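Next up: a single chain in structure tokens, the form predicted alone.
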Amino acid sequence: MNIVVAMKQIPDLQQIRIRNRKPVLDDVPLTFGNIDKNALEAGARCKEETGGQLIVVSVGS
């Protein structure tokens, strides 16, 4: 069985700064959200139980 997990990088919410009432995203590192991490963990567990391949798909820079 092939298991496909879609993930997306987002700015680290702990490091976003506000300037002139707008978020400043310069030099803010990207990370994966909790939902993405949970999906990856669930996919890994399914792979261990049933075998097959775990494929992670991400779009963006």
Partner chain sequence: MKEALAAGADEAHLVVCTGVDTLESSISALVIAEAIKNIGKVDLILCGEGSGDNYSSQVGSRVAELLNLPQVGYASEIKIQGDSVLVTRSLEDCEEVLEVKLPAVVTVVADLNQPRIPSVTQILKAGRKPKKIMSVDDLNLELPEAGTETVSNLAPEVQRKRIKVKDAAELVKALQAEGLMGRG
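Just so you know, these numbers come straight off a predicted model, no measurement behind them. Numbering follows the first chain given and starts at 1.
Beyond the structure shown, there is the form predicted together with its partner chain, which is absent from this document and is the topic of what follows.
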> Might residue 14 be said to contact its partner chain in the model of the complex, defining contact as any heavy atom within 4.5 Å?
Replying inline: no
> Might residue 44 be said to contact its partner chain in the model of the complex, defining contact as any heavy atom within 4.5 Å?
Replying inline: yes
> in the model of the complex, does residue 10 have a heavy atom within 4.5 Å of its partner chain?
Replying inline: yes
